[in-house]
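So this first bit is one chain, no partners, the form predicted on its own, shown in structure tokens.
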Amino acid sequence: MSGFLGTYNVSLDDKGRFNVPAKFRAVLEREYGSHLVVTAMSHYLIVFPQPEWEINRERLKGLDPFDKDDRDKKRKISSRAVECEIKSGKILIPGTHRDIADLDKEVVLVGSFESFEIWSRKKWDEIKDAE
């Protein structure tokens, strides 16, 4: 398994959908299926295939519910998670998630092996140039 690798520039349509690049689509079809979970971080989104989300969900369940940092981390991730599905090669990003990640027309998909990230073009250029 090679997983999600590479960086791709894609465009959001007026409804917040984008075409999944063929290589990412092939990974989803071959290894995972069409059910996804999208969660929002501070400046970007992470897209997990459902089986990978389940692995991470189990890890989150193992956090100490009486530790404030653990509880905050768990709340932040789970409260910002939404189930999505790839349909006709496209993923719809909910408006709330587009707002959190400041997504507009131009976005960047960044492979991260078992998941991939969605960045606004502007934010991605800022962090890419800082490296």
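Each form is matched to the other, and the largest set of C-alpha atoms that superpose within 1.5 Å is called the rigid core. Start at 1 and count along the sequence shown; that's the residue number. The structure presented is a predicted model; accordingly, all values stated were derived computationally and were not measured.
There is also a form predicted in complex with another copy of the chain; it is not shown, and the following applies to it.
Engineer: 34, 91 and 98: each with a heavy atom within 4.5 Å of another copy of the chain in the predicted bound form?
Structural biologist: Judged in the predicted bound form, none of 34, 91 and 98 sits within 4.5 Å of another copy of the chain.
Engineer: Using heavy atoms and a 4.5 Å limit, would one call residue 104 a contact residue for another copy of the chain in the predicted bound form?
Structural biologist: Outside the cut-off, so no.
Engineer: Taking heavy atoms only, is residue 81 within 4.5 angstroms of another copy of the chain in the predicted bound form?
Structural biologist: Yes, contact at 4.5 Å.
Engineer: Decide whether residue 77 counts as a contact residue for another copy of the chain in the predicted bound form under a heavy atom distance cut-off of 4.5 Å.
Structural biologist: So residue 77 counts as contacting another copy of the chain.
Engineer: So in the predicted bound form, does any heavy atom of residue 29 sit within 4.5 Å of another copy of the chain?
Structural biologist: Close contact is absent here: in the predicted bound form, residue 29 is far from another copy of the chain, nothing within 4.5 Å, heavy atoms only.
Engineer: Check each residue of 45 to 60 against another copy of the chain in the predicted bound form and list those with a heavy atom within 4.5 Å, in sequence order.
Structural biologist: Sequence-ordered list: 50, 53, 54, 57, 60.
Engineer: Inspect the rigid-core superposition and answer whether the C-alpha of residue 26 shifts by 2 angstroms or more between this form and the one not shown.
Structural biologist: No, residue 26 moves less than 2 Å.
Engineer: When you overlay the rigid core, is the Cα of residue 55 off by 2 Å or more between this form and the one not shown?
Structural biologist: No: residue 55 shifts by under 2 Å between this form and the one not shown.
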